[in-house]
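In what follows, one protein chain appears twice in different forms, each by itself as structure tokens: structure 1 and structure 2.
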Structure 1
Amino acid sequence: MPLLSVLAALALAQAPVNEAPPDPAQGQRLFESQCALCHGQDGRGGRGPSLARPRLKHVPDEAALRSVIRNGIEGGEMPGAWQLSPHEVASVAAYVRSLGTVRAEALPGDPGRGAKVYQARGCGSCHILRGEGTGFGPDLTEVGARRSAAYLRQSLVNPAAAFPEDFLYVEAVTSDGRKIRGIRVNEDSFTIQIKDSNRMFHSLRKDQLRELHKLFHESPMPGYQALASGELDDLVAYLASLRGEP
């Protein structure tokens, strides 16, 4: 056989075969049979962490997500699904990606007018949006991909009714009677770190505090019950449009 023919045959044998596109429905079935025991039937967490979020720890991109599914996490409790084919791994990855994204809805408000309401109400004084604003409250850059319109409306009208994950408002009373209110940044058995409304950080030892209250039913965010219904619709539509795209 001529050398050129041999090389051509080898190149053809090594060429990647075009894979079928990932199948999220198949991915869901595989997830429910092999992943739900730790991550929950709906992916919202159990023994393992919740996967229902746009950004996942350990997986900055699609390749990393597929690698974690196939190989697990080194030094962690998650085993790899080495028995899955590349197409099955891609399908599970597609399903996992869908868990962290709320589908866009047709809403009555106007996002353009809602952006003006956002500015007029000074929301940027507490929230970061595309790198602008201050970070006392949660970052809103991709809130529309994480939260439904119903959740966003409830958060605007009654902020204390639904808090973001890991968000907690606290009040510490120091030994000299000084009160510090703010967002819990970090906490362990001996210390707590709080960021107050002036964006000042306080690192406090618990054994030096007179009192420490976790304000589960309070929020630093004012409610917007007084907004006209049209303005509220517009603001909800604007927040729902924030899906992380540039």
Structure 2
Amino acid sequence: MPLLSVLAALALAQAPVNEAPPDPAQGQRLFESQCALCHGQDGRGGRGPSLARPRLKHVPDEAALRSVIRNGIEGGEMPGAWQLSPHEVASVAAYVRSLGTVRAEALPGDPGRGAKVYQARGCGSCHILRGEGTGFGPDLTEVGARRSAAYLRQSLVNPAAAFPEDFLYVEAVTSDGRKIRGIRVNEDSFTIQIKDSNRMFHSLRKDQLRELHKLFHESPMPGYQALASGELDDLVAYLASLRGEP
């Protein structure tokens, strides 16, 4: 970034005290007309990345967010929105922030008891939470900021109904008849990489497979519909409290 625009970005970040507060509704309108072509109408991505994530690669803080929106990203496809006033930039930034964070909800369960359910049920045998556990399923450290309580409940009761992107369950049958089931960790037109339930990686060439099934309606995660309803509420409340904050 040229020095001048760094300075401009800094000046922008130090918003004067008497500036009107950002208006997320205006931000949404601006987003839909100026950004949605690339980031999707709902901000979940298209040509540009999904912005519905709590942590953005280029955006360590609010100042950086405003600077990215105003100046774009050097060398990439992300254009600067030079046409927007500082107040409009702040409003779009507020809207972008709202896309990535699920607002904290008032929930019936007790997070403290939920943490114990998490331990007792051995969720850590498949998940990492604040660095502890095993990385088979998604990292849950910030899951409360990414997912609504309704989604969290659904993923416990019926995991196959709400599988997250990047965790597709697949079954491959090799030409010698071996069956491999697991999470698809990567795929291209010629190969697929699978992580099985023993956390083993398998590198497979598609032309050496007899069958390859994408199990859109299955999950390796057991359903926890049999949890006592109090326990389920507690677990959901616990997961919802995991917002990546210390």
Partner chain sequence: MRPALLLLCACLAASAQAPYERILNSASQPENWLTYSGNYQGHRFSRLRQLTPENVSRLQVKWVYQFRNPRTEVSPLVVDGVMYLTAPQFAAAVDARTGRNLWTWERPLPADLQTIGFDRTNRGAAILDGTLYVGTLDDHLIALDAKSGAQRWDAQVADYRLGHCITVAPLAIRGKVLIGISGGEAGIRGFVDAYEARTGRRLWRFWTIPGPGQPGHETWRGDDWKTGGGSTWVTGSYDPELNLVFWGVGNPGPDMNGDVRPGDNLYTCSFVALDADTGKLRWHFQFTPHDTHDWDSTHVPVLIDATFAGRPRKLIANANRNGFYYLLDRTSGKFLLGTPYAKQTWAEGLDERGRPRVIPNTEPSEKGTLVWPSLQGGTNWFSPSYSPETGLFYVAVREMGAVYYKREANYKPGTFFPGGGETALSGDRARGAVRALEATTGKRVWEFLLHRPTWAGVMATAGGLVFGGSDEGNFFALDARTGKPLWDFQTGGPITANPVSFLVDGKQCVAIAADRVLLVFGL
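Along the sequence of structure 1, residues get numbers from 1 upward. Heads up, when I say rigid core I mean the largest set of C-alphas that superpose within 1.5 Å between the two forms. Keep in mind that this is a model prediction, so the values were computed, not measured.
- In this pair, the copy labelled structure 2 belongs to the form predicted in complex with the partner chain.
- Taking the list A25, L99, P49, T174 and the motion between the two structures, the hinge point where C-alphas stop fitting one rigid part best and start fitting the other is L99.
- Between-form comparison between the two structures gives a rotation of 18° for the smaller rigid part, taken against the larger part from C-alpha superpositions.
- Once the rigid core is matched between the two structures, the CA atom of G45 is found 2.4 Å away.
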